[in-house]
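Only one chain is shown below, in structure tokens, and it's the form predicted on its own.
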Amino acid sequence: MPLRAFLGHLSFRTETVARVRERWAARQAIPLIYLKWSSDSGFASLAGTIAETQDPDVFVARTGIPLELALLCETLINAGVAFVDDKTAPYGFAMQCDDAVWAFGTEWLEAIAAGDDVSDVVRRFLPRFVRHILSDDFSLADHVDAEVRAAAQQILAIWTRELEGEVISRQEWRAARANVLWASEASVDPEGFLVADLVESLPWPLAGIAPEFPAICQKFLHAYLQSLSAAFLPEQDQADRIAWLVGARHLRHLRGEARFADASDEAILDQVPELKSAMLAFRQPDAESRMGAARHLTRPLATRFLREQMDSLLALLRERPG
């Protein structure tokens, strides 16, 4: 059965939006990347505040909204928020972000009318997001290998057919996954690894990948916003970051070797000292502090990118059948 947002009741929509708007304006809801609700402590994510639950099934039953949509919207906000230690704040931290990012916390909810079926919004957003990443205007466009770009275009072509109602065979998806894996493994530019990793995670039917996309998106956003800040780092930090990117890919390869089948990352690094050194240099407290300062300098760029994704989602949410 199709979902009906706010269970089809205008009065319930009005009450829910008003309640969430009040808590959001007071910063009493936290933009997290998972569903959290605690009636005792008051600590709650945005999605948890909407449905007053941290049970995924209950969230959908109470709201008529797919959880992946709520979590994707919350993930975009989370990426634009700096959580700063503040012992005077209720939860021990303050949240700093541009108003344009914070506003999305209620914008997406207000864009949904009572009775709307928004179960396909994340599925329709996915191709838009990937096309944005593949565009010539994307800041890392020059770092995306041609093979990765071609593999991503293949996924987009299959998704387009899927959205038109075609059933894609398992064999075709297996071939697409094999192609993506080859292209990702063949990529050589460390600055392009995050796009290669993103594309590698995508060759699945839209209905299957949509529930996983908030987590995939969060990982990509973390890496991408870090890449935006890299230009503001000292030269040694920039070199250490590249070494970390190369090291992370090397560590991933080592995890697949039989000799490390049951080993933790820490155990693997202990056996490969040169890799451990490369991985740790960029994670020293001083380097982390400088990255935090660089992130602050690039906040306008981050906000612009995040708002583009938010506005794309809003356009889909505001579409009405017929």
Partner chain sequence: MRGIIMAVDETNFEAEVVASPLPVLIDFWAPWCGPCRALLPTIEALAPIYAESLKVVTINIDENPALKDRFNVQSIPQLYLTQEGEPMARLTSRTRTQLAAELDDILV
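Here the structure is a predicted model, which is why all the values come from computation and not from measurement. Residue numbers count along the first chain shown, from 1.
Note that the form predicted together with its partner chain isn't included here; everything after this is about it.
S.K.: Okay, which stretch from 193 to 201, 236 to 244, 132 to 140, 73 to 81 lines its partner chain in the predicted bound form, with non-hydrogen atoms inside 4.5 Å?
M.R.: Correct option: 193 to 201.
S.K.: At 4.5 angstroms, heavy atoms only, are Y34, A215 and R255 all close to its partner chain in the predicted bound form?
M.R.: Yes, the whole candidate spot contacts its partner chain.
S.K.: I209 versus its partner chain, in the predicted bound form: is there a non-hydrogen atom within 4.5 Å?
M.R.: Output for I209 is yes: heavy atoms within 4.5 Å of its partner chain.
S.K.: Is G292 a contact residue for its partner chain in the predicted bound form, using a 4.5 Å heavy atom cut-off?
M.R.: The answer is no: G292 has no heavy atom within 4.5 Å of its partner chain.
S.K.: Check A223 for me: does it contact its partner chain in the predicted bound form (non-hydrogen atoms, 4.5 angstroms)?
M.R.: Flag for A223 set to no.
S.K.: Give a yes or no for A263: in the predicted bound form, does one of its heavy atoms lie within 4.5 Å of a heavy atom belonging to its partner chain?
M.R.: A263 belongs to the contact set for its partner chain.
S.K.: Give me the residue from L181, L156, L163, M95 that has a heavy atom within 4.5 Å of its partner chain in the predicted bound form.
M.R.: Exactly one listed residue reaches within 4.5 Å, namely L181.
S.K.: Out of 278 to 295, which residues reach within 4.5 Å of its partner chain in the predicted bound form, heavy atoms considered?
M.R.: Sequence-ordered list is empty.
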